[in-house]
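Quick heads-up: it's one chain on its own, the form predicted alone, in structure tokens.
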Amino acid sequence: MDLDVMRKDLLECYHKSAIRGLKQSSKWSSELLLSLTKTMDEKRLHEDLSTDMNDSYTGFSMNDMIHVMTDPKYLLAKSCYDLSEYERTAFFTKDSMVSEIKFLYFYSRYLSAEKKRLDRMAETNCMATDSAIKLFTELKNELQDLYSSGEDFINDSYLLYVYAIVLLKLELNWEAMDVLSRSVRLDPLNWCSWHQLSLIIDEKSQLNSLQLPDHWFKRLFLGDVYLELQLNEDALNLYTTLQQWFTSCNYLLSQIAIAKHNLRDVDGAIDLFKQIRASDPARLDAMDIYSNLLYVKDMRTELSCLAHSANDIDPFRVETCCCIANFYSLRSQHPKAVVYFSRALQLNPRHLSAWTLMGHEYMEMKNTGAAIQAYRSAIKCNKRDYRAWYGLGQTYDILKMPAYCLYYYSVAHCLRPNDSRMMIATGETLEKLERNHDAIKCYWKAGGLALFKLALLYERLNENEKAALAYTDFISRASAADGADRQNTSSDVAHAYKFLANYHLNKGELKLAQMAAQKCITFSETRDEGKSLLKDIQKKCSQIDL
């Protein structure tokens, strides 16, 4: 990829987004642009910057931008927009035929409807209200008429973006996907459309069926899609490749950290987030995920510092509320954690991890009804969230409803096929349903330390030879595990040695029985049984000698 072309593309993306009030897209492009300069000659960059501003745009010249930015109607409308006065913005932009001002008209109407929906949701505690749906439907009908009529609307990438997000509010995902793909074909520098498209692709076959432009933005889009589809290895490889052009880019580092988090490389993800915070201490993007990692590692001091720092920076950010909630959860103050997760959801009702984590908190409080509601809300936000499906399975397991458990665990396994936890949970549920043959398949597929579950099942079915093989394999794997896993499985290893000692004793394999019994003595759980077994083995040995 040509660095000069990339720089000009990012500049154009920034200005197109900024003039339309698309703040997240502006921030994204400027962050990448800053990182890109580190790989270039800064002196040449500053010399050429003014030239780039004039000649880098194809459909958006510098003269057009100046014309729009000096239009009094635009200036007033943009000022109202920046102050979140969306209905005033729509009023002053209603009759304009200028593309950028027309965008502000439709986008401000969308934001006004969304703001009313959120306000009413805070009162009714409901994901959507009839009045909000009516507003979105009216806007959709108006945009659909313009879309069908052709005119200039169908050739404006940013107006198509507004049409698509309105369709998404009405859960018309397939129609939105077609509109967004057309939007990025019209203007490959419209990052808003790329990003929104990445959020609604459910499977890789959908991705392959889309007709997308061959532009370098597509690589960044694919990274987003891979993370959404839990194709974390692919995402990791792609973002690592992009780092050769964007050195020390915090956006890329954050995406890589999320991929490592999904792959359960907790230490690697934490190191990357520490690097991000060192270079940009006030950055809050993805800090909620960082707080999850610190929670998992029981790093109380670090999580406390992160929560206090985030609260000092901006107490009204979703990420801040999640950091504080995780801090209270780690201190087992679950009611307070629920309060802060609720605050996060008032700020952004579609924040996926807040719903899921609040479900976990309700589980800790033994409030299964509220937990089920939270997990279902998470799935409504994103049906690919395996954690919410897994949480529902655990909830129904507590309620002793294994048939429901099996369904939810099966969905979680489909979303996360390489995660042994899903397979073990499915196997345990199949055991409760007395589908032992299917449970055995699950435990074999899970492998690793799940072999203990397999051995227990064989033992219960009196298939002692298979149980002995499974216990032997489990012991070898447990011995190779790291310190934390080895400590967690010590009681399971003790049981395995006790079974093997009895098994070999019954078969007359006294030497193997003696070795297993001696191992039993090293565990507090089986010390007495081990001593008793050694006495029995010694008696049998003396009888053989006689």
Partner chain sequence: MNSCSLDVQKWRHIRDDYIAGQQYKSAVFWSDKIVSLSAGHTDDVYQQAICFYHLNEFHRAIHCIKSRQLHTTVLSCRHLVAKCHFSAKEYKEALEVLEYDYNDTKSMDITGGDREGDNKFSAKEYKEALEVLEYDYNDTKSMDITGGDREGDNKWNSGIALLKGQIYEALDNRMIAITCFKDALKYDVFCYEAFYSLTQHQMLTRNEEEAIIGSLEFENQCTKDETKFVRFLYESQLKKYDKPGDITVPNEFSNILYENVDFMTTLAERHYYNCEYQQCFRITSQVLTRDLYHTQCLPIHLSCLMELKKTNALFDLAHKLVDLYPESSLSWFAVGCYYLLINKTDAARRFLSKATTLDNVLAPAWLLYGHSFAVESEHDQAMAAYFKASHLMRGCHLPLLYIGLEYGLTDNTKLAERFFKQALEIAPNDPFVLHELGVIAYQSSNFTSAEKHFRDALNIIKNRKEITVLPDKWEPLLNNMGHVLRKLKKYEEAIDFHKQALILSPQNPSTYSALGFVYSLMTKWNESVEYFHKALGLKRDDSFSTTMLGHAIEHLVTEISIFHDSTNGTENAVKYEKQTVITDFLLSKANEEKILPNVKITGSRSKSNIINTTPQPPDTPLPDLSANDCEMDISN
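Throughout, rigid core stands for the largest set of C-alpha atoms superposing within 1.5 Å between the two forms. The shown structure was predicted, so the numbers you read here are calculated from the model rather than taken from an experiment. Positions refer to the first chain, counted from 1.
Omitted from view is the form predicted together with its partner chain, to which the following refers.
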*asked:* Taking its partner chain as it sits in the model of the complex, is P315 in contact with it (heavy atom to heavy atom, 4.5 Å or less)?
replied: yes
With heavy atoms only and a cut-off of 4.5 Å, decide whether T426 touches its partner chain in the model of the complex. yes
How about N436 - does it come within 4.5 Å of its partner chain in the model of the complex, if we only consider non-hydrogen atoms?
no
Against its partner chain in the model of the complex, would I133 count as a contact residue? Criterion: heavy atoms within 4.5 Å. yes
Among 209-217, 294-302, 223-231, 396-404, the stretch whose residues bring a heavy atom within 4.5 Å of its partner chain in the model of the complex is 396-404
| Even though its partner chain is not shown here, does it sit in the model of the complex so that K204, N367 and S476 each have a heavy atom within 4.5 Å? | no
Interface check vs its partner chain in the model of the complex: of S279, Q243, S309, S410, the one with a heavy atom inside 4.5 Å is S410
Assert contact residue (its partner chain, in the model of the complex, non-hydrogen atom within 4.5 Å, options Y375, Y471, Y340, Y362) equals Y340
Of the residues spanning 174-195, the ones with some heavy atom within 4.5 Å of its partner chain in the model of the complex are E175
Is_shifted E428 between this form and the one not shown (CA, 2 Å cut-off, rigid core): yes
*asked:* Checking C414 here: with the core superposed, does its CA move 2 Å or more between this form and the one not shown?
replied: yes
Query raised in the report: Would you say L197 moves its Cα by 2 Å or more between this form and the one not shown, aligning on the core?
Result: no
